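Single chain ahead, written as structure tokens, the form predicted on its own.
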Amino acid sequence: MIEIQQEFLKCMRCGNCQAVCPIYKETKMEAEVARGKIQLIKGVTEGVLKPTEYLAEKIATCLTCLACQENCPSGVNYEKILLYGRDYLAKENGLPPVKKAIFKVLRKPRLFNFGLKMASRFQGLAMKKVKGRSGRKLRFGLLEDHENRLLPEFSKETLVEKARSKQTSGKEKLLYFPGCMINNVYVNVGEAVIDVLKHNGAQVVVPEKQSCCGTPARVHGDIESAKSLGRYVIDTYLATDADYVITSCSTCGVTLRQGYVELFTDEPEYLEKAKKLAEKTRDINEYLVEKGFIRPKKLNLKVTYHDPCHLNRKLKVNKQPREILKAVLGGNFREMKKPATCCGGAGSFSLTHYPLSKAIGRKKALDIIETGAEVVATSCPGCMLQLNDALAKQGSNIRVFHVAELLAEGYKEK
């Protein structure tokens, strides 16, 4: 608590956060920008305000893009305050029944993976295919505001299942952590990651035991569920001796590199294990540039790049994807206006606050369209989901790819 109080004191209430907050630009509400939330969290933890559901909703209305923190002249660690506030309110108010049920299932990886498998088989009952586009839409009336939303399909075969036939030998042994989205939805991205790494001479192993990294539980204040999942991932990925652990989802990458170390400060055994896992973890873009990747044949495509917030601001990986894309595209790479502005996806935020998420995504889509690109590349499956929907809503045919998919295509052309 002393650390949080020190962070409270750093905030000068200058309002610089207002200029960069995607949510404040839409709502103009002081309670929905960092400066306002800091005062709300300070008030509730000091007993001046009551921990009401309304206040909890205001604290929940944040993309955690951290543009405010990056733009803060006082160096306030807003993320630390926000997570503390959410933890505090979850303890005071309890989690909503739906979230409690979801996180309870998340803590049981076998049950969770079985549920996703069933979703792949019965998705047609809830979602219909969209003519001319890759993806599905919810059937009318199933969820308010979401009926026209473009969603990806669950794959009938997971990446873990497909990867069994892709195990090979190589000069370095890499363990790949695909995360829930790539293992179950964007399986093609996971296959591209494996192909790219194999092309660069590595042995790639995808452990059979997979689970959520725990970030959804962590950001909603369910610390015990986040810790349970963290221990499972840490034990699974340290059980096999490997040179590196590779991620291709920016949120999973941040969790494995930084999140577990912050989460287990009060558990010495797992803190040491978390540090060991963090040292081994690399984002795919980071690993390839660090090792000096094999140059591909250039693709004749006009491509722009969207920076995922966690990869850019937390891991500082922004030059590496561009180096890879320029190797694949040469002069056909085009920067968009403000490529590091959040797309509005933010994981579960786009589910719980879709109208607001959609409005923020519209601005990102217009910036992408303005470049004249045929493809927008990114390095996060959550951003891919949001960009696909945002571009479809503008009637655009611009396709969305992970950087690894474009590099894999370049290797096929060689």
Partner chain sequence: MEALAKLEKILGSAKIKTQTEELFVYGYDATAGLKNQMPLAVVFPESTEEVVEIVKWANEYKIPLYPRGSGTNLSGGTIPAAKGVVVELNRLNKILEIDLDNLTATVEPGVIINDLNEAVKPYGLIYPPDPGTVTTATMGGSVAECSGGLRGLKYGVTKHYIMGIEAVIGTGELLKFGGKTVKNVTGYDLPALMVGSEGTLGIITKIIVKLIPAPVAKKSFLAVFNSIDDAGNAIAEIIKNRVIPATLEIMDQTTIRTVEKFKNIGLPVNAQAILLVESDGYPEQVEMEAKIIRQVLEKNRGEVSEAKNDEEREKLWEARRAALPALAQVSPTTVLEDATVPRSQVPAMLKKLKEISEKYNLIIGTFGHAGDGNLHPTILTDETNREEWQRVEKAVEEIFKAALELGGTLSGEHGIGMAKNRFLLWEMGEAGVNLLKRLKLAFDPNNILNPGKMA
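Just so you know, these numbers come straight off a predicted model, no measurement behind them. Numbering follows the first chain given and starts at 1.
Beyond what is shown, the protein has a form predicted in complex with the partner chain; the following relates to that form.
Site annotation in the predicted complex: the residue of T371, T61, S348, Q39 reaching within 4.5 Å of the partner chain with a heavy atom is Q39.
Contact with the partner chain in the predicted complex holds for all three of L9, A19 and P73, each having a heavy atom within 4.5 Å.
Looking at L387, you'd find every heavy atom of it more than 4.5 angstroms from the partner chain in the predicted complex. In the predicted complex, H353 stays away from the partner chain, with no heavy atom inside 4.5 Å. By the criterion of a heavy atom within 4.5 Å, L66 is excluded from the residues contacting the partner chain in the predicted complex. In the predicted complex, the partner chain lies within 4.5 Å of some heavy atom of G15.
None of 74-82, 249-257, 182-190, 322-330 except one has non-hydrogen atoms within 4.5 angstroms of the partner chain in the predicted complex; the exception is 74-82. Scanning 30-45 for heavy atoms within 4.5 Å of the partner chain in the predicted complex gives E30, A31, R35, G36, Q39, L40, G43 in sequence order.
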